[in-house]
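Only one chain is included here, represented as structure tokens and corresponding to the form predicted alone.
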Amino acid sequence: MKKIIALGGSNSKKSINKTLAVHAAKQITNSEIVIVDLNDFNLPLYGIDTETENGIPEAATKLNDLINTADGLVVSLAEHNGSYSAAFKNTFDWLSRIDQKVWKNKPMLLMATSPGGRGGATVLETAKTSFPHLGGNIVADFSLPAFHDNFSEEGLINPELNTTLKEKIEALQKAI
């Protein structure tokens, strides 16, 4: 059985990105899904002075170890003002202090969604550019626009978007 991490890049308790990541991860056959909620990894604001004085927080080490055990990653990023959410960026910064190859070259489906029509396209492009330098093995990417119009408890409502997402999930499944 393959271990898949589903991570939403937001600390919102009702994160639409975590919802999308979990939905996609659950479609991977023969897998155990580990849902990563950034709220479960309480980390101080990263700064070199904090690191020098206190070292690497245990929560960052635990998340790094969890990523090490994964066979694949489903990461969906929230977009805040055209970039990563502060919670995700802070977590990402701490992880990079443990291992510059944050994503450990694990096969990854990289996604983003938002309530708006662009579906987090700006943060998705940023991540597609930077993640490979940090051990991101992005095998597929997907942007879901207008989350509340295109997603229900049963999954994606729009047939074209649903077909595209299934193709992306299949690409990840093959890479694992």
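Residue positions are given as counts along the sequence shown, with the first one as 1. Bear in mind the structure is a predicted one, so any value in this text is a computation, not a measurement.
Just so it is clear, the following notes concern the form predicted in complex with a small molecule, a form of the same protein that is not shown.
- None of 32-40, 51-59, 114-122, 64-72 except one has non-hydrogen atoms within 4.5 angstroms of the small molecule in the model of the complex; the exception is 114-122.
- For the residues H80, K104, R97, K89, the 4.5 Å heavy atom test against the small molecule in the model of the complex is passed only by H80.
- In the model of the complex, the small molecule sits beyond 4.5 Å of every heavy atom of T164.
- Shown alone here, S12 lies within 4.5 Å of the small molecule in the model of the complex, counting heavy atoms only.
- Contact annotation for L156: none of its heavy atoms lies within 4.5 Å of the small molecule in the model of the complex.
- Within this chain, I16 lines the site of the small molecule in the model of the complex, having a heavy atom no more than 4.5 Å away.
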